[in-house]
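Quick setup: one chain, the form predicted alone, written in structure tokens, and binding and motion questions come after.
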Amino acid sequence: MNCKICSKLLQEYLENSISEELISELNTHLKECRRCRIFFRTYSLTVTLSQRIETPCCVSSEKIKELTSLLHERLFPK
């Protein structure tokens, strides 16, 4: 596993929607790669905190989906 693949799998990892084999590979990579470990901690914390905040009343659900999609594209470019 390399850093690029690791970063692309983080969301699925947090959602527990990848195979046990990939989880094992990802865990091994995170143990060995300080940079990815820091990125993962930051990403995980961001996801956790964002789930705790309430949606502002003035932002439509469509706009939130749009912003979420944009954020995901920026964090995990193809």
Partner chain sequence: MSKQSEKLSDAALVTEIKHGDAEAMEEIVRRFSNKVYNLAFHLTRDASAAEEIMQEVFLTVLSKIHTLTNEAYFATWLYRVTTNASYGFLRKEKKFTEQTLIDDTNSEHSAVYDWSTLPDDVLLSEESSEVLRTAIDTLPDTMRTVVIMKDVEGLKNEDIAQTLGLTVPAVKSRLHRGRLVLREILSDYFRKYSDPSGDNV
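No experiment lies behind these values; they were computed from the predicted model shown. Numbering follows the first chain given and starts at 1. The term rigid core refers to the most C-alpha atoms you can superpose between the two forms while keeping them within 1.5 Å.
Below, we refer to the form predicted in complex with its partner chain, which is not included among the displayed structures.
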>> Considering non-hydrogen atoms and a 4.5 Å limit, does its partner chain approach Arg34 in the predicted bound form?
In response: yes
>> Glu12 versus its partner chain, in the predicted bound form: is there a non-hydrogen atom within 4.5 Å?
In response: yes
> Even though its partner chain is not shown here, does Glu25 get within 4.5 Å of it in the predicted bound form, heavy atoms only?
Replying inline: no
> Is Leu67 one of the residues lying within 4.5 Å of its partner chain in the predicted bound form, judged by heavy atom distances?
Replying inline: yes
> Any chance the CA of His72 moves 2 angstroms or more between this form and the one not shown, core superposed?
Replying inline: yes
